[in-house]
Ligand code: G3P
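What follows is one chain in structure tokens, specifically the form predicted alone.
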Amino acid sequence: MQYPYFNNMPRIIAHRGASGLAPENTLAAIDLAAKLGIRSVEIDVMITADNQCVICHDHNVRRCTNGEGKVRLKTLSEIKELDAGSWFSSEFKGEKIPTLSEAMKLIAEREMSVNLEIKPLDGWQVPTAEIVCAELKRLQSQLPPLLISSFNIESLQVVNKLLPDVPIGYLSDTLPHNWKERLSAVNAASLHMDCDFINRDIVNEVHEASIRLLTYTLNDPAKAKQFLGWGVDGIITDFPDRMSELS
């Protein structure tokens, strides 16, 4: 199947937005990636206590906000009271955790594509994916080219069922011994691996199965150039500004 996301997928993808240069998973980080000429971002989605979809990586807000506690135990209004920028620098004071809708609107306006990673709490793999899929269906006419990924196979199975026209990326630190069966179980179009575990043989093996290979989180331009020479399809990086010659 031909997917819009892969039709024009760039080789350089901004991890959580331009997260090395702006507070991760914020509209500021997404906008900065666009200003740097990056045409795709990777962001994380999870759900609040009132089942709203927000863009956040950690299940506890303490690292990237002035708050404390689990996202799943906070309402959207409580999430929106948090400062998600000052921890990074005073320049971003007052930056907020965005909703999925806000992030998608900006990404579409900037004419970028997005790799959306679902981050479920243990025990909430299925309902988290169901809520995210429902929100994406609601936003369908406003969505940019989309790839949905996750480490969690249960979440991906829900996506495959509810959004069969959206490509799926299977996340794994290393190459699983039964990776073909795992990807087949969710109809995955791509495999996303930790850059420390990739070599040329793995790239060839994955491509021979007609699967695209993306890697995270690679911030060394020389290594990124080597990987692209091997045929790696996408480099997910915190510092897209360092990769300008490779994009």
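All residue numbers refer to positions in the sequence shown, first residue = 1. These figures come from a predicted structure and were not determined experimentally.
Keep in mind that the form predicted in complex with SN-glycerol-3-phosphate is not shown, yet the notes after this line are about it.
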Checklist entry - Counting only heavy atoms and a 4.5 Å cut-off, does SN-glycerol-3-phosphate in the model of the complex sit next to every one of Asp31, Phe92 and Lys96? => result no
Does Met9 reach SN-glycerol-3-phosphate in the model of the complex, with heavy atoms at most 4.5 Å apart? no
Check: Heavy atoms within 4.5 Å of SN-glycerol-3-phosphate in the model of the complex: does Lys74 have any?
Finding: no
TODO: Could you confirm whether Ala224 comes within 4.5 Å of SN-glycerol-3-phosphate in the model of the complex, counting heavy atoms only?
DONE: no
Subject >> is_contact(Tyr216, SN-glycerol-3-phosphate) in the model of the complex, heavy atom dist at most 4.5 Å >> reply: yes
In contact with SN-glycerol-3-phosphate in the model of the complex (heavy atoms, 4.5 Å), from 199-207, 36-44, 64-72, 174-182, is stretch 36-44
